[in-house]
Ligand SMILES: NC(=O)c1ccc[n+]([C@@H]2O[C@H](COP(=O)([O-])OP(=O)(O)OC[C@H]3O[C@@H](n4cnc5c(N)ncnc54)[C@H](OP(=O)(O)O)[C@@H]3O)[C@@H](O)[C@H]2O)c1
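Have a look below at one chain only, the form predicted alone, in structure tokens format.
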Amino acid sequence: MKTYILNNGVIMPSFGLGTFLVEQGESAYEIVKSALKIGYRHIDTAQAYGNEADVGRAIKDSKIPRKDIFVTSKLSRKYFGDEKVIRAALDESLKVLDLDYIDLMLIHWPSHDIEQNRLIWSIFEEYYMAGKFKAIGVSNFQRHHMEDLLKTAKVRPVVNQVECHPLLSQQPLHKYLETIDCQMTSYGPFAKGEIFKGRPYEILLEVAKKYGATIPQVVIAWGLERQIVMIPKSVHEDRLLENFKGQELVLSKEDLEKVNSINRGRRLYTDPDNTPDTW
């Protein structure tokens, strides 16, 4: 599996399993166990998903050495800047995952209050320095959020996980993140199924047929070729395997441009500049 070296030297698998909307309990447990059996070594969860405990249990029961599995989670709320509650939430993630450390911890959504982002980041830095988090980053941060955070950050974010798919290629943000050595991760790479409709479907199907591949595999290959971490979600074992094999596909420059042509700047998930204050 291809890996990236983050700006603090931590090695991150370029491909993994997203668990957003994977039902907590036995469903999440079995999906993560199946993914690990197939060969997945990067599992992405979050406090908001409600399945951290199931992810942790599946990792334990897989018997795969802890050092070989990369776990990402996310702080899901700002708690109005209450430091005690924020620390309690971070400790809870470590507890329910039942891990000695989390490989990557992210701020799930930016606050509209710059000072809250800075405060939470300073707490993240404490946990990072203590070795509880091997790396720290952000999610859904626009360029202006990043620039504000960097004014006071002592530790530079290693990752920005954002909505990214053929309908929203995020090229300007991606270029900016490269200039500050911050790795982009794509969530929602299949655009809530919109890649299977209309003109995007026609273009992707044409490319897929050329390689004897599937449309999801083309999208995964497109992202990996752009040096973006891809974490597609599935709750079906056959699709877990299908997505996993997408790593083997290498698209020509011409076909990459065909996929790029689908971009319409179309956001399908929440706008980071208009999130509820409670997030």
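Because the structure is a prediction, the values reported are computed rather than measured. The numbering used is simple: start at 1 and walk along the sequence shown.
The discussion below concerns the form predicted together with the named molecule, not included here.
K.L.:
Quick one: in the predicted bound form, does every one of 109, 140 and 189 get a heavy atom within 4.5 Å of the named molecule?
P.N.:
Each of the three qualifies.
K.L.:
Quick one: of 247, 47, 34, 234, which gets a non-hydrogen atom within 4.5 angstroms of the named molecule in the predicted bound form?
P.N.:
None of the other options qualify; the answer is 234.
K.L.:
In terms of non-hydrogen atoms within 4.5 angstroms, which of the given stretches 125-133, 190-198, 167-175, 84-92 touches the named molecule in the predicted bound form?
P.N.:
In the other structure, the partner sits against 190-198.
K.L.:
So in the predicted bound form, is the named molecule close enough to residue 216 to count as touching (4.5 Å, heavy atoms)?
P.N.:
Residue 216: contacts the named molecule in the predicted bound form.
K.L.:
Would residue 13 sit within 4.5 Å of the named molecule in the predicted bound form, counting heavy atoms only?
P.N.:
It does not: once the named molecule is placed as it appears in the predicted bound form, residue 13 has no heavy atom within 4.5 Å of it.
K.L.:
Do residue 74 and the named molecule share at least one heavy atom pair within 4.5 Å in the predicted bound form?
P.N.:
It does: once the named molecule is placed as it appears in the predicted bound form, residue 74 has a heavy atom within 4.5 Å of it.
K.L.:
Check whether residue 66 has any heavy atom within 4.5 Å of a heavy atom of the named molecule in the predicted bound form, and answer yes or no.
P.N.:
Flag for residue 66 set to no.
K.L.:
What residues of 1-33, in sequence order, lie within 4.5 Å of the named molecule in the predicted bound form by heavy atom?
P.N.:
Heavy-atom contacts to the named molecule in the predicted bound form: 18, 19, 20.
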